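One chain comes next, on its own, written as structure tokens: the form predicted alone.
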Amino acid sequence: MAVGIYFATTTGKTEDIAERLHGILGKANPPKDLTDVSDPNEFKELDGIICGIPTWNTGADSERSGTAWDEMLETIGQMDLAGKKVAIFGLGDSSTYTENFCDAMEELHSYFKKAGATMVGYVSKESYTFEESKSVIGDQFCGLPLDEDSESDLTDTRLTNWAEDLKEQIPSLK
């Protein structure tokens, strides 16, 4: 079995992070733009799925990414992804949108969870500067939040540490 990396992007930043993550992980399939996914049932062929999502529709209750993920949410929620490990990374701007930092991660997280996937890759909120985020569950983010606008100097370390955690949580990445 394999691990797939999927992303949707507006500015190219989410794609860049997906490529960088692929380079760190090594054993994952090359990143794939969600707009190139003609049949989401390909998720069922994987034992791990890593998803990259930006937050564009800040403050929205739904369709928070403003990307192809928004059109696929309902489909994902109706799938049977039991036994699949899913991790999410999100991009946002913690200084300009401090009350909605990386909100889209939570929306994607909830639909994959509804599909029965085992969610992995949670990250402590402790080293982040923001006011609110729908992506915080308890004292952790439901994935890896990244800020390429205001904290890009922290991205490499955060990405490397997260990749190491994923290698422990998704067996086929070892």
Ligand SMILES: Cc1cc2nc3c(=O)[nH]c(=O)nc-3n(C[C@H](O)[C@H](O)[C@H](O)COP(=O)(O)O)c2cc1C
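Predicted model, so just to flag it, every value in this text is computed and none were measured. So that there is no doubt, residue numbering starts at 1 and follows the sequence shown.
What follows is about the form predicted in complex with this ligand, which we do not show.
Proximity of residue 102 to this ligand in the model of the complex falls within the 4.5 Å heavy atom cutoff.
In the model of the complex, at least one heavy atom of residue 13 sits within 4.5 Å of this ligand. Interface membership of residue 56, defined by any non-hydrogen atom within 4.5 Å of this ligand in the model of the complex, is confirmed. Heavy atoms of residue 149 reach within 4.5 Å of this ligand in the model of the complex, making it an interface residue.
This chain is displayed without this ligand, yet in the model of the complex the stretch 47 to 55 from 111 to 119, 47 to 55, 135 to 143, 34 to 42 comes within 4.5 Å of it by heavy atoms. Applying a 4.5 Å heavy atom cutoff to this ligand in the model of the complex picks out 91, 92, 93, 97, 100, 101, 102 from 74 to 105, in order along the sequence.
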